[in-house]
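The form predicted alone is given below as one chain in structure tokens.
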């Protein structure tokens, strides 16, 4: 049995999204180094999947890292057009480059714009003038999970890509240079 916790989440109302991508711009600016110094949607933790011909827009947020790609066999029909399940998936996986840091290839994950001092709500929600994205905090029973931190996720991704031996050799070289 889990315990009750406040769960933070962003709800998406597809009927309100017009594909303006303000959420992507706000997210990428917030996560720029230094903060707000640039806008690069490739670094955004939210992406708007667009089908402009049918006037459909779906904001997707980056979720967990997966070493393997799923089978992706489900097909969804929306207003007569077929979409693969990958179209709506926020998982960072080897099957596509969505939600990967463009320079390093490390996975990106939505952190709800955690900051010190804390934001009232994530910047993507603040930037959405049409209320297609809304922030909520709800009390839910959740199972206790051990979450990997950002560093651990990045290291795991590098190990998956290059192997433990190559990462250990690189770490040893870097350690020698810093002494």
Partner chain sequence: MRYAETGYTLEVDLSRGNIERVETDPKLTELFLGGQGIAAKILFDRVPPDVEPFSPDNLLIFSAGLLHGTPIPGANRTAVNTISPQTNLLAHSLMGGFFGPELKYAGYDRIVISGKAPDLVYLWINNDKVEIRDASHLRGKGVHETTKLIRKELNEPSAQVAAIGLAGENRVYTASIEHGFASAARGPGPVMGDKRLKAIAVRGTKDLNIARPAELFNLCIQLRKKMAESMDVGDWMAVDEDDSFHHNNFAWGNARTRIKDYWSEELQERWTNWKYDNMLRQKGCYNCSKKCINVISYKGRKFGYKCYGKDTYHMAAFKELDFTYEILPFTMEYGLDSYSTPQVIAFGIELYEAGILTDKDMPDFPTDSGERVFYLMEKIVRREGIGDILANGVYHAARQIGNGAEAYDHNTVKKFEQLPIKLGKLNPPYFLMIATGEKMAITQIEGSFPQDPLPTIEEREAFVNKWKEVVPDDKFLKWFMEWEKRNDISNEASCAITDWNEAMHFLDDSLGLCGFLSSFRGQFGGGVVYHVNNMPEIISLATGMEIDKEGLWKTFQRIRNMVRAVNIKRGMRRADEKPPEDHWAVRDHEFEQQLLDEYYDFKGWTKDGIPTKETLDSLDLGFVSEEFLQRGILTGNEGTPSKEAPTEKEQEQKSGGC
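Rigid core here is just the name for the largest C-alpha set that superposes within 1.5 Å across the two forms. Owing to the predicted nature of the structure, the values given are computational and were not obtained by experimental measurement. Numbering follows the first chain given and starts at 1.
Another form exists, predicted together with its partner chain; not displayed. Remarks below refer to it.
Stretch 22 to 30 is the answer when you ask which of 62 to 70, 133 to 141, 22 to 30, 110 to 118 has residues with heavy atoms within 4.5 Å of its partner chain in the predicted complex. In the predicted complex, none of the heavy atoms of residue 105 sits within 4.5 Å of a heavy atom of its partner chain. By the criterion of a heavy atom within 4.5 Å, residue 14 is counted among the residues contacting its partner chain in the predicted complex.
At a distance threshold of 4.5 angstroms between non-hydrogen atoms, residue 43 is in contact with its partner chain in the predicted complex.
Although the partner is absent from this view, residue 39 contacts its partner chain in the predicted complex, with a non-hydrogen atom inside 4.5 angstroms.
Residues of 39 to 71 that come within 4.5 Å of its partner chain in the predicted complex, judged by any heavy atom, are 39, 40, 41, 42, 43, 47, 52, 53, 54, 55, 57 in sequence order. In this overlay on the rigid core, residue 104 has a C-alpha that sits less than 2 Å away from its partner position between this form and the one not shown.
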